[in-house]
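In the block that follows, a single chain appears as structure tokens, in the form predicted alone.
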């Protein structure tokens, strides 16, 4: 019981503060409750398909295949595949993290996982089309190129700074993590 309380203490503190908000500022309480409800509905609609696809990925794609396609020695093919997975993905950024965990468990390199998350957050194809229509093609291409170099820079620098020991530890924690 004590371990459970310790684990959820921040949540319980926030819940208590939220209860106080009800008595102090009811309009703000109602507005935040509405936003929280809408966010929960969005998550309920987005996450089940993501988890179904992750289950299929986990069952259908062998670890050896993932290591070859996106592992440490995958080279340019792994980078391009990571960009494609992130850019073609649907859903908000929080849906990318279970995908990233599955990729790490299957043997994808940390660099390629970071590239996938970066692409998911900034280079989605529908976003690029909307942006080109509303902001112009020059702006979209410029932002896209800056994002590509930024994503690659972050991924390569992160991998170099962390080193082999830390990267191995990240992979081990991903494998051992209970979902």
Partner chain sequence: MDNTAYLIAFVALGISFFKSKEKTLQALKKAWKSFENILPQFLSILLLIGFVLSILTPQQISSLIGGDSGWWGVMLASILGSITLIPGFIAFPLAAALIQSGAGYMQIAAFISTLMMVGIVTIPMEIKFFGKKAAYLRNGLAFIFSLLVALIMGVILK
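Positions refer to the first chain, counted from 1. Just so you know, these numbers come straight off a predicted model, no measurement behind them. Just so we're on the same page, rigid core means the largest C-alpha set that superposes within 1.5 Å between forms.
The form predicted together with the partner chain is left out here; the points below concern that form.
Using a 4.5 angstroms limit between non-hydrogen atoms, residue 70 is distant from the partner chain in the model of the complex. Although the partner is absent here, residue 18 is a contact residue: one of its heavy atoms lies within 4.5 angstroms of the partner chain in the model of the complex.
Not displayed here, the partner chain is kept clear of residue 65 by more than 4.5 Å at the level of heavy atoms in the model of the complex.
The partner chain is not shown here, and in the model of the complex it never comes within 4.5 Å of any heavy atom of residue 168. Taking a 4.5 Å heavy atom cutoff to the partner chain in the model of the complex, the contacting residues in 46-85 are 46, 47, 48, 49, 51, 52, 53, 55, 56, 58, 59, 60. With a cut-off of 2 Å and the rigid core superposed, residue 160 has a Cα displacement that falls short of the cut-off between the shown form and the other one. Positional change of residue 141 between the shown form and the other one reaches 2 Å or more at the C-alpha, relative to the superposed core. A movement of the C-alpha atom of residue 170 falling short of 2 angstroms is seen between the shown form and the other one when the two forms are aligned on their rigid core.
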